[in-house]
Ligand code: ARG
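Below you'll find only one chain, the form predicted on its own, shown as structure tokens.
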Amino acid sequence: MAKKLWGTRFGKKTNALTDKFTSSIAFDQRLAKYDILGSIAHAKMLGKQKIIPAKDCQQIVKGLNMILKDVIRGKFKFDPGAEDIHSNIQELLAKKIGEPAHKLHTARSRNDQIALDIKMYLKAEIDDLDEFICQLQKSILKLAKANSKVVIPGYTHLQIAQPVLLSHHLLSYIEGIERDRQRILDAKERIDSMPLGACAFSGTGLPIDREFVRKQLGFKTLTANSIDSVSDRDFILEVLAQLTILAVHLSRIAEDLILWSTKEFNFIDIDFSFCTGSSIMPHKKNPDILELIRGSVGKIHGDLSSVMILMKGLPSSYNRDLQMDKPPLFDAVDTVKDILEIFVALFQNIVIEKEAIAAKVQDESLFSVDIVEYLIKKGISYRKAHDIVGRMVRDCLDKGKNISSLSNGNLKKYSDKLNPDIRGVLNAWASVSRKSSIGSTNPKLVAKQLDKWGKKLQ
């Protein structure tokens, strides 16, 4: 059992059950790198300010760098008996350099130390998440560009609606994910304030130089209030909220791909390497990876709820409850990164079933709005045009008869504005090409968006 940093005041040992229940080394060990980097900057500041002797400062920094090398190489052996990562590193440093190690904790507390560690961790993880998101956007964009001429039936309420370009639909994923990316990067701005020097919660009377530590660790600003520095985890809540929104988008993408891969839709074929089979039905090819992604999103929502509920009843300043903010944070970050990585590879291996899609866009119910707009351009009001086309759908499509099969005379029965050229409207490519509003599924407009995203993602 590692020596507790606070143990001298206690006249008896803590119960083994207490030690087991309060220990956080099982999960906060992943913060070791940031804990050491923060300690190096802190030690250098203590030496510069002559709070500790220069010689002791040099030994501390040397010892910490030795430990850091082991952490980076994966050779650091964590002590399962340590109370937390701070105690573990402090104890190991004392074994390496002796008495000078006990001067490292001067003018700081584990309260400001852990706040620093989490912020440094999150800054690094947000950079990684940003890269993963960009890679996913590139993977989706590549599929969109390769299938820029494919028109699919669009759906609302899971009912067939209007034709849209497949590339237009895929670009909608990129747009939503980009907002997620910007939200996460925006959260980083509020994380980028350095809390070390707040100590337990009231600061210190020793002549520390927080600005020096800030520069050493690459933070943009200093936290302005020592109580706020150690007691709030709104920056964790913000990241978890942004990850939750991103996860919702990823879940909806997964659901689209699950539907599209069914025999009923048959828009895409998902590579066997991202599917599983059935132990009883030999014919099955199940999109289990996508289903597990969809299911994992609930866990991310739970992570946000966990920390939100943890925070809601805490009085100001530091409380030990805050130890429990890390497992849900780590879980959410890990899960989202795993999902993004899978999606990048999965999109690279999707095959578009062009022939099956082409057959589906022959459904003339897809063009009801096109006929309405045809009539509007002929001077008929929207309400009357809607009624005319509604009767055509009722009399023809609902009875399995195509509108294009109506004779010229029968067309006139619905409206004298309906001419033979209406048959040219009943075409998927013509339908998407007629769209002209900014942001629509028009091929020329979509091509510009593909080009824009190609340049942006470079």
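Since we're looking at a predicted model, the values are computed, not measured. The first residue of the shown sequence is 1; numbering continues from there.
The same protein also exists as the form predicted in complex with the named molecule; that form is not shown, yet it is the one meant from here on.
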Exercise. Are H86, I114 and L322 jointly within 4.5 Å of the named molecule in the predicted complex, each by at least one heavy atom?
Worked result: yes
Exercise. Of these, K138, K96, R214, K326, which has a heavy atom no more than 4.5 Å from the named molecule in the predicted complex?
Worked result: K326
Exercise. What is the one choice in F347, Y173, Y374, Y318 with a heavy atom within 4.5 Å of the named molecule in the predicted complex?
Worked result: Y318
Problem set entry | Distance check, Q449 to the named molecule in the predicted complex, heavy atom within 4.5 Å | no
Exercise. Would S24 sit within 4.5 Å of the named molecule in the predicted complex, counting heavy atoms only?
Worked result: yes
For this session: Look up in the predicted complex whether R110 has a non-hydrogen atom within 4.5 angstroms of the named molecule, and give yes or no.
Result: yes
Problem set entry | Candidate stretches 78 to 86, 250 to 258, 330 to 338, 158 to 166 - the one whose heavy atoms come within 4.5 Å of the named molecule in the predicted complex | 78 to 86
